[in-house]
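One chain comes next, on its own, written out as structure tokens in the form predicted alone.
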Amino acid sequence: MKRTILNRSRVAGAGLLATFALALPALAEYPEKNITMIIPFGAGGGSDTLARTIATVIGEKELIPVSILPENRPGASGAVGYTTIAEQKGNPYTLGTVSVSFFTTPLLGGSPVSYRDFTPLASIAQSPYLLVVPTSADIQSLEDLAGAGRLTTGTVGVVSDAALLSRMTADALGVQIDAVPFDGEGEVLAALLGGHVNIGYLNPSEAMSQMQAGTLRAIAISSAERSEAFPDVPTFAEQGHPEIVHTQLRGLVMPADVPPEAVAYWEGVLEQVATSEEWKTQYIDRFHDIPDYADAEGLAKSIETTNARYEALMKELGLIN
């Protein structure tokens, strides 16, 4: 049986969300057909895993009366997939996930669309980063880093979360941190373990395996609060640097100008996903992320903040004017 959307008015957030959620004729019944979930990257990556896990949990819990059809549209650092979504303006039957390239590719001029061409639906989790050092290093805290003077770290490409966090850390501690670009996360890890760079900013699942193996030690986590997966690792804020908070957004968007009723519908669906045992088991516990549901307005604010951070970093690096 089709679900009828409650016709409830919602007050859009100032600025970004107001632009995204223009008032269009109300949907009588929604959804009436299958939902396409565009994945702007190839199979097996982080965005692919996120999208397919969301679709699986929704299906297992029978949260919607139709199917979600994941569709990989890789190419041009996410530009192909995100352009495909944005071109379907007003279509509430197309979804996409937020990634780092959602911000960086448009800022670098590699995409005809930007975050302003999408409607935020909800965020569902945070992927924090762990600041790690080899266990052989005489570094136990941020205070030790502050006395190092000059450090090196590895990053995948010139612009990444690791590069952003290294700049934030350098500014906060008053040290120089040179971010050395590598072609992939495996090369970054190898450089760290081989002593070619001093520190690393790793995702939780990658850091966990190395910490358990006794090769790396985490000295800070980039989330606002400690992670249940790493209860002994303090936040940057706990060590006197509350300005260093940055996590990878895990959320969903639709094209611009979808009906507000569709946004409200997906807010409810994604909140049920985010608070379910299935999501915890299949995603949070597996990748050691932090569960963090936020509605459309909350995601819109996070998108603006994240985009501003990347834009500032790129200007500092001389990549954009």
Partner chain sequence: MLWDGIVTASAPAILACTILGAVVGLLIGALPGLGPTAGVAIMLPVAAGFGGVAAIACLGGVYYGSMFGGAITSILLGIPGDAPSVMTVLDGYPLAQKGEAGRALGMSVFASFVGGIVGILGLVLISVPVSRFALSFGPTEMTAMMCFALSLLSVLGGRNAVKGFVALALGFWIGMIGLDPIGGPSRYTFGSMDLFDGIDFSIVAVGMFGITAILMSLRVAVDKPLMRYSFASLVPRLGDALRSRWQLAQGSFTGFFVGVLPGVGATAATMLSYAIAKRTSRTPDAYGTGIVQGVAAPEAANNSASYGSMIPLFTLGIPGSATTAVMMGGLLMIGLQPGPLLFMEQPDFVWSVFGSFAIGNLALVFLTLLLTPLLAASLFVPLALLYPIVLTIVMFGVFAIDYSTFSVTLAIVAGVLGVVLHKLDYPAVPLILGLVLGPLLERNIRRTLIQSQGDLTVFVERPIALVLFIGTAVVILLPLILKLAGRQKIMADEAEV
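Residue numbers count along the first chain shown, from 1. In this text the structure is predicted, and so the values were computed from the model without any measurement.
If you look for the form predicted together with the partner chain, you will not find it shown, but the lines that follow are about it.
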Practice prompt. Just give me the single entry in A237, A148, A172, A79 that has a non-hydrogen atom within 4.5 angstroms of the partner chain in the predicted complex.
Written response: A79
Fill in: One residue of S223, T94, S166, S111 in contact with the partner chain, assessed in the predicted complex (non-hydrogen atom, 4.5 angstroms)
S111
Fill in: Site test, G75, L189 and S205 vs the partner chain in the predicted complex, non-hydrogen atom cutoff 4.5 Å
yes
Worksheet entry | Touches the partner chain in the predicted complex: E243 (any heavy atom, 4.5 Å) | no
Practice prompt. Look up in the predicted complex whether T152 has a non-hydrogen atom within 4.5 angstroms of the partner chain, and give yes or no.
Written response: yes
Worksheet item: G44 near the partner chain in the predicted complex, any heavy atom under 4.5 Å?
Response: yes
Discussion item. Contact with the partner chain in the predicted complex for S123, defined as at least one heavy atom pair within 4.5 Å: yes or no?
Written reply: no
Fill in: Residue stretch of 289-297, 257-265, 62-70, 36-44 approaching the partner chain in the predicted complex, non-hydrogen atom distance within 4.5 Å
36-44
Discussion item. With the partner left out here, which residues of 170-196 have a non-hydrogen atom within 4.5 Å of the partner chain in the predicted complex?
Written reply: Q176, D178, A179, V180, P181, F182, D183, G186, E187, L189, A190, L193, G194, H196
